[in-house]
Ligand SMILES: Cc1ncc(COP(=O)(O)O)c(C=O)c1O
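As a starting point, one isolated chain is supplied in structure tokens, in the form predicted on its own.
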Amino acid sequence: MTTLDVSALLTEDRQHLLHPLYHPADHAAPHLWVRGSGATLTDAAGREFIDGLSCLWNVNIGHGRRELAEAAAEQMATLAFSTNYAGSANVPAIRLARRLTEIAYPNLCAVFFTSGGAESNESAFKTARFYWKTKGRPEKVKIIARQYAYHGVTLATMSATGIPGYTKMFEPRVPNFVHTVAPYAYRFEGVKPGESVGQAAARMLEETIL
């Protein structure tokens, strides 16, 4: 493996790479990841860390899976990309969609592919709006999310995300996103006598809907 000039790379990082949720204090001494194997990540200093988040929840079956790299290389050599917009289709997307309907929950009959979680949530917001428009209720545009929940950092998903620090630099938020408490026992407030935390959270959700 080629020896890395870590100091030079981090200088280039600061000069040329924009990071999500960036603040200089948080990025003063970043990890420079160079390798992954299974559930571990290795940084440029050779230290190993357990990848408890699967990077951003997307390395679901571990790092270094050679069979995935080989399958991707084979597909890219055949067809690197094909749009799925109306008027186009491709064989891998069709076959994967069918396979997902076979192994997912019973009433799933079709899938919509996205490139990440935020796009998935944005698509869900749009689908909900479309549904209510077809039902003759176009005014139904509110989305209820939980406090401390994470849904993404695009403008709409950031507005759904219930973590205040994620929005302070970009407000005002997109309107019609409402937050209710999460059924999280640690420091939970508002439980009435005789209620469990879950029951209190359910009551508060009902109150938010009403």
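Worth saying up front: this structure is predicted, and the values here are computed from it rather than measured. Heads up, when I say rigid core I mean the largest set of C-alphas that superpose within 1.5 Å between the two forms. So that there is no doubt, residue numbering starts at 1 and follows the sequence shown.
What comes next is about the form predicted in complex with this ligand, which is not displayed.
Segments offered: 100-108, 76-84, 114-122, 131-139. Contacting this ligand in the predicted bound form at heavy atom distances within 4.5 Å is 114-122. Contact with this ligand in the predicted bound form, defined as a heavy atom within 4.5 Å, holds for exactly one of F49, F170, W57, Y148, namely W57. Of the residues G36, P183, G152, G162, just one reaches this ligand in the predicted bound form with a heavy atom at 4.5 Å or closer; this is G152. Taking the rigid core as fixed, one finds a CA shift for A202 smaller than 2 Å between the shown form and the other one.
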